[in-house]
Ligand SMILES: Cc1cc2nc3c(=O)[nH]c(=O)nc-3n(C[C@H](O)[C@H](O)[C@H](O)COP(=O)(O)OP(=O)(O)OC[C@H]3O[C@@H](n4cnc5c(N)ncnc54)[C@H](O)[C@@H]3O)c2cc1C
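Encoded as structure tokens, the following chain is the form predicted alone, with no partner shown.
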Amino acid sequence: MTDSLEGTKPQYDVVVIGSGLGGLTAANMLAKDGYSVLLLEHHHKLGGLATWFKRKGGHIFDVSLHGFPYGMVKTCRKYWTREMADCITQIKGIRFDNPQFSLTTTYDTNDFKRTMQDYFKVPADTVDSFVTTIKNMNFYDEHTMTTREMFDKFFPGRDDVVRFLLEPIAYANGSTLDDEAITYGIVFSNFLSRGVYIFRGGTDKIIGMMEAELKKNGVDIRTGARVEKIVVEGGKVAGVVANGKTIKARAVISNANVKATVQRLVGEEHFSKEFAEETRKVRLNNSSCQVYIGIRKGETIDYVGDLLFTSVADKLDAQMLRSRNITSRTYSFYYPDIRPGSDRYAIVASTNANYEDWAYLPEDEYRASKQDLIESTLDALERYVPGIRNKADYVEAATPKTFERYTLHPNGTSFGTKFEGLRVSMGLNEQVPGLFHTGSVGIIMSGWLGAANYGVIVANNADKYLRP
């Protein structure tokens, strides 16, 4: 067996554990600042949930490419490369179809205001006040209002408006009405800037470009390298143990789940009792199911929207969104122009899910449930893509168990932790000097833009710690 850590140096300035967008961005920034950086990833590919996979028949499936805010352009240009930023393009339309309304929007500020006023008949001053409120939100402020309370303030009794506002963000980061309003507001206001964007060329292209940039800047990248322990000596970080090998480091940035970082990689004994207890109380966010549908070569599908939010439920309900009795799905359509030069189509159906609903099923029931997920998804899609079963020649399903296996996230969480996780994440270095965390925490640091920007914040904090 090949030793993935062969040739590593005995010591680095920084070890980054995990290669999600936060870990990749932090590693790149610190390497450009002249630090020696070792990036360790347990999987054979970089990217975390920003990933892709290939299947027979020439199919390529993106796990989380649709979609992110325009701010990703600035982030890529400033902290990565202009070439990367130039590949980001706006998607054409986000379609909703449910018992309360059916419409298509681009979700930029102007179209959002027009839809709210003309379609939902919300007064212009109410819409303007709502937009101003969410655009002024800052995660450093005190937060007591829930999303439900915020919606009740601006749109009392309007279940249809709440659905239009919350449903995309619930799929994007697991938000519910009872989470802190800021976990909704910051993410939604980012999209309102200029709408929703995608990386033309696919996830394989952007991660490939990031890997090339990391190597150019001197990052030592090792895949197939699972970190078992973060070493603490004299109360501060001293290195890591990966694949049984100890590697010294002045600082460690964990891109693993924050609870797993504290409880498994470091150990609660290295933290104050109060901090350890605070970490235990951090709630994990929910997970996801996905169905990947590959369209046979030579077949086409008509344009039905880039993102399609469908539901047969009378109104939006967070518990129903996660139920195995699926009433709501989001379809991401991948047309050939997403990968220039390709003539292939693909569709990815996503549903929010509870880990407990899948994790403990007997193996035969688990396989049967996955097949039922596939069949019910194709049945629901038939309404929008007639003859989908004849057009598709490859279908595969993923569940929370799948995400747990490939990401090592506790409970297969797709969106990290609830808001209280951010405080723990940002407080690690005060507890154990040299220990930092970047990743999906507090919901607002989820998704492509949030993860990458949190990587920037953490890289700056690590630089302050390392600088003489």
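What you see is a predicted model, and the numbers here were worked out from it, not measured in a lab. Quick note: we count residues from 1 along the sequence shown, nothing fancier.
Absent from the display: the form predicted in complex with this ligand. The rest refers to it.
- Taken together, the three residues 175, 179 and 425 lack any non-hydrogen atom within 4.5 angstroms of this ligand in the predicted bound form.
- This chain is displayed without this ligand, yet in the predicted bound form the stretch 248-256 from 101-109, 120-128, 248-256, 268-276 comes within 4.5 Å of it by heavy atoms.
- Contact check for residue 280: every heavy atom lies farther than 4.5 Å from this ligand in the predicted bound form.
- Using a 4.5 Å cutoff between non-hydrogen atoms, residue 436 does not count as a contact of this ligand in the predicted bound form.
- Among heavy atoms of residue 402, none comes within 4.5 Å of this ligand in the predicted bound form.
- For the chain shown alone, residue 38 is not a contact residue for this ligand in the predicted bound form, no non-hydrogen atom being within 4.5 angstroms.
- Checked against this ligand in the predicted bound form, the residues 203, 290, 285, 328 give one hit for a heavy atom within 4.5 Å, which is 290.
- Shown without its partner, the chain has 406, 407, 408, 409, 414, 415 in segment 405-424 as residues with a non-hydrogen atom within 4.5 angstroms of this ligand in the predicted bound form.
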